[in-house]
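In structure tokens, the next block holds one chain alone, the form predicted on its own.
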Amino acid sequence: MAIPPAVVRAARTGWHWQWQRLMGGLGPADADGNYIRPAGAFTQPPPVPANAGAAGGHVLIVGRSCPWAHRAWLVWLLRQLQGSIDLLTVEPDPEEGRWRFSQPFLGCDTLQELYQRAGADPGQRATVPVLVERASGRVVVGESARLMELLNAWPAAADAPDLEPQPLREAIEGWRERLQGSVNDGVYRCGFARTQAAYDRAEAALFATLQQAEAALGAGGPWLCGPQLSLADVQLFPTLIRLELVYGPLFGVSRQPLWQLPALWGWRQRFFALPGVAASCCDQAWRQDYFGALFPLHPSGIVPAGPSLATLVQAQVQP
């Protein structure tokens, strides 16, 4: 039996109104429909603490599906900070919309409780990553870009790489600023856009920056700022490793598959092959959490089949 056109129109209007309300909670937007990322808490890191080198004195809390947590996790791995900073993983609770500890941590069951005990406003979102001083429960910093810098300055082994060497600092900062707006946040600006115009602007900026990265790698490399791995590469990787698995199908950023950008394709394979990186890439958790939890974007909650992560990184890595 055919559904009357009037019923279809009413259903579309009603669903669009409900979608706008739901999106207001998921991703706030300005008057033009552009996604605006909410401000976080504990955004200003202190200098490196005097007890930074003490074994187990600090805890880095991450979520496997979160790209912002992933980049702090990667700095922790690359800098070999396992001896002084413990890693703790929280799990998403989609029903309550918060991060939950598998076992109580410092007397807290959720990250929200930990934030409030550390002095955050009760209405403030509790996000990952976050670095906590174990003895006091003090949150050292909860903003991923600043946390990356703090972890790079943390006492480390003599052979640990400096991911922001002074001669490359200006170039690294330039890339990081560009990537933050148009790529790292850019995929969310596409997925959470409220209007076609807002999506078009974000999508164009995303692929323009990827083309710039492709040109830079093609002209030099093997890393974004030349011969040395840097925080710029770390900042780009969590977004690009999720591109085909999550952001393309869910956020609508499939205009150009990454294999059509061969320098970036090879760069991603090189980064994935770095020691410890593969273990931080939890593709099943990414897909489950994104497709299963972002109800306004994917109301069915069905997690679709997708490419295996192995197919995206198994090609021969060029030296």
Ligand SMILES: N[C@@H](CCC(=O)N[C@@H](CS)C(=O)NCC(=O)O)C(=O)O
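Quantities reported herein were computed from a predicted structural model and do not represent experimental measurements. One-based numbering along the sequence shown.
The protein also exists as the form predicted in complex with this ligand; that form is not presented, and the subsequent description refers to it.
Next item on the list: Quick one: find which of 162-170, 207-215, 143-151, 189-197 has residues within 4.5 Å of this ligand in the predicted complex by heavy atom distance.
Entry: Of the stretches listed, the one contacting the partner is 143-151.
Next item on the list: Could you tell me which one of Val246, Val75, Leu114, Val128 places a heavy atom within 4.5 Å of this ligand in the predicted complex?
Entry: Comparing distances to this ligand in the predicted complex, the residue within 4.5 Å is Val128.
Note to self: Give me the residue from Phe251, Phe291, Trp68, Phe271 that has a heavy atom within 4.5 Å of this ligand in the predicted complex.
What the structure shows: Looking at the other structure, the residue within range turns out to be Trp68.
Notebook entry, point to check: Though only this chain appears here, would Trp99 touch this ligand in the predicted complex if you measure heavy atom gaps against 4.5 Å?
Noted result: Close contact exists here: in the predicted complex, Trp99 approaches this ligand to within 4.5 Å, heavy atoms only.
Check: Taking 4.5 angstroms as the cut-off for heavy atoms, does Arg37 touch this ligand in the predicted complex?
Finding: Contact with this ligand, yes.
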